[in-house]
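Quick setup: one chain, the form predicted alone, written in structure tokens, and binding and motion questions come after.
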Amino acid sequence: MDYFIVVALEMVRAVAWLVLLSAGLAIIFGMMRVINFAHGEFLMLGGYTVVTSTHAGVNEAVAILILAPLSVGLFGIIVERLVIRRLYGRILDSLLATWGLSMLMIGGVTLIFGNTVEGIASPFGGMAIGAYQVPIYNFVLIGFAALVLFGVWVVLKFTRAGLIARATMQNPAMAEALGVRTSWVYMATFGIGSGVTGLAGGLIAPVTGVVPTMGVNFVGQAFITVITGGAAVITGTLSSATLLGTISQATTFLAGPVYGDAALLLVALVLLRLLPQGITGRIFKRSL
């Protein structure tokens, strides 16, 4: 019985992991149709913010919850103003530009910090479930994944800012005619998506360690989750993360992590073959 509880918790943790990795990308891609190929490097930047801040004496919680999202969000705003704003409606061009940005970020961070793994200790220790030990930090990741989705849902559904953002993405010409500064909305949306990515990078830093090339390990999972989920930011991310995370983790327990990653990719390919517009393009239409 204890083993099944541990397996269930690991499946929920895998779902939360995919939600955290892909939430910022879902905001940017789902609402703005911009492919940010530097998404993994934004995660990396959040991780390095936490590591350098804590080594400088900043409280770990402050570094993860405030400094990481704030610094990456501001960096995202700069990127949007200098690069992305010129590429709206040009998906291929935005992909190439952000791919170049990712290479630049990897090179710059490697030059500053070197190609070594930095890290901080995982907080809170572990808890016993029968004969097994489960990291308490897993529950922190699960809780923050739920908070991120809930926060985005509240903002988009119940606030004036969320209404303006949705209106701008659906019909920018009409929003502009009604007096909305759509360029500011795009900037804010990209900045918020980047900030959420920075928060995710800060949260995973105690688990994975931080290295300049760490984004390569996560960007594939994030893109698969977002594209499989479809255009809906919340419903798409949650549905695809739940399906892919559960199957991947179950396969990992049965056959090993390599087969778990292969199962995730296989399920995503089958889903995209059956549902080219993603899960929410067919099943949860008109959802957020």
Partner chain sequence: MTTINRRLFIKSTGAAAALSLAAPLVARAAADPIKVGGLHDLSGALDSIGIPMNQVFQMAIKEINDAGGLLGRPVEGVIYDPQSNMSLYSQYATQMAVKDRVAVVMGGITSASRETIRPIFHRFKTLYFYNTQYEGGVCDRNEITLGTTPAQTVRRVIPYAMNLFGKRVYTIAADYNYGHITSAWVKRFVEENGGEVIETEFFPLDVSQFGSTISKIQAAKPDFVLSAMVGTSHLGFYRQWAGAGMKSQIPIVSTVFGAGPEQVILTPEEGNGILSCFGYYEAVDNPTNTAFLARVKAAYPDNTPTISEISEVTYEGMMIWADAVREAGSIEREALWEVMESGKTYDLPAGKVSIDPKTHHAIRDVYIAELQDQVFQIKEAFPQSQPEDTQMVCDLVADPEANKHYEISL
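Positions refer to the first chain, counted from 1. Owing to the predicted nature of the structure, the values given are computational and were not obtained by experimental measurement.
Beyond what is shown, the protein has a form predicted in complex with its partner chain; the following relates to that form.
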- Query: If contact means any heavy atom within 4.5 Å, which of 233-241, 64-72, 42-50, 216-224 contacts its partner chain in the predicted complex?
  - Reply: 216-224
- Query: Taking heavy atoms and a 4.5 Å cut-off, does residue 195 contact its partner chain in the predicted complex?
  - Reply: no
- Heavy atom of residue 140 within 4.5 Å of its partner chain in the predicted complex: no
- Message: Is residue 132 part of the interface with its partner chain in the predicted complex - any heavy atom within 4.5 Å?
- Response: yes
- Message: I'd like to check something about residue 120: if you look in the predicted complex, is any of its heavy atoms closer than or equal to 4.5 Å to a heavy atom of its partner chain?
- Response: yes
- Query: For 178-207: residues with a non-hydrogen atom within 4.5 angstroms of its partner chain in the predicted complex?
  - Reply: 206, 207
